[in-house]
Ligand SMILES: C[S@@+](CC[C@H](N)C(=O)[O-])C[C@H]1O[C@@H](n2cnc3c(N)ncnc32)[C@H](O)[C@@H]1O
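Only one chain is included here, represented as structure tokens and corresponding to the form predicted alone.
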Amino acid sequence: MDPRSEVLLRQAELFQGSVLLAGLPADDLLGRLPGAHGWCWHAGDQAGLDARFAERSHFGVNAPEREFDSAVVFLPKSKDLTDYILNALASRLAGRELYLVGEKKSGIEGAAKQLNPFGKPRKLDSARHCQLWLVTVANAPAAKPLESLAQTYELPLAEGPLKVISLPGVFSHGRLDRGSALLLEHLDKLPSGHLLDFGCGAGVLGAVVKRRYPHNQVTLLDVDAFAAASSRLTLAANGLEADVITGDGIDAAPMGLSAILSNPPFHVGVHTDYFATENLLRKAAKHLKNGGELRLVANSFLKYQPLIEEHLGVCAIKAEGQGFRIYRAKRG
């Protein structure tokens, strides 16, 4: 069981009523707290929760409509996202309890200060390298609409500026990262057909490809509901239409693709996790049609080339710079 869940269960008597667990892990916590309901924005965790606890977890970027008597926030990876989640829940908990739980290495001690606007926070427990904090909401705020927290920036491109809209918690929030910038310079000669932006984040690659290759079908895929919402906003801001889907990795992608483009993630919260990318490289061939192409940018120190060649075929380094490489391979 996740250590954060173990800390909650040390105080299980506090969580026997109608409690909302926001950002909960896909473990047995819902089974141990029969009155609890989840709010999840990670498609992989949601799939795991749905399989074991049908209809007990809500997926999306907005808090569920259902009533709850208290709420627990599992500390998100970003300060902006933590602010949004705490505000959304505190706005509905006047006079009631809002808890924050997280690992020490994730910065829970500092994050507890984000409870200050709502009342006087206090630490309830410290165990399993985690801390549990509580605030009784004395100052219930007005809920902030998620879109009011979006950051917008423009990319100057040869075909005209592209407006990018990113939401709290999305990779490279409010700016273009160096890996994507390099890949954007090398989107020439893509095959026609159905193109996938894998791990789409704020939708930069998918939007650029749809604008540059308007007759191609474009799908954007991410595990994170906030990334999918950002991608939809970016597409709409540029008058573009494409499919945006959430799912746990490449297994959720369509078949018969002409190209997969990706600046894949290798961090989940504070933990390093290569699984999603390695799974992509192992299974890309299954999702690409014959002659279909994988074009991927990654940190130069990541040894992806042998894995691509093992599962897809000859892999060329199309470009490199600023610590990144673009790999290109075709399904034979």
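Keep in mind the model is a prediction, meaning the values are calculated, not measured. Residue positions are given as counts along the sequence shown, with the first one as 1.
The following text describes the form predicted together with the named molecule, which does not appear among the structures shown.
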Whether Gln131 contacts the named molecule in the predicted bound form should be assessed with a 4.5 Å heavy atom distance threshold; does it?
no
- Query: Could you tell me if Pro264 has a non-hydrogen atom within 4.5 Å of the named molecule in the predicted bound form?
  - Reply: yes
Check: Quick one: is Gly199 in contact with the named molecule in the predicted bound form, heavy atoms, 4.5 Å cut-off?
Finding: yes
For this session: Look up in the predicted bound form whether Asp243 has a non-hydrogen atom within 4.5 angstroms of the named molecule, and give yes or no.
Result: no
For the named molecule in the predicted bound form, the stretch among 98-106, 84-92, 136-144, 221-229 with residues bearing a heavy atom within 4.5 Å is 221-229
Assert contact residue (the named molecule, in the predicted bound form, non-hydrogen atom within 4.5 Å, options Leu302, Ala47, Leu307, Ala276) equals Ala276
In this chain shown alone, the residue from Leu167, Val73, Ile260, Leu205 with a heavy atom within 4.5 Å of the named molecule in the predicted bound form is Leu205
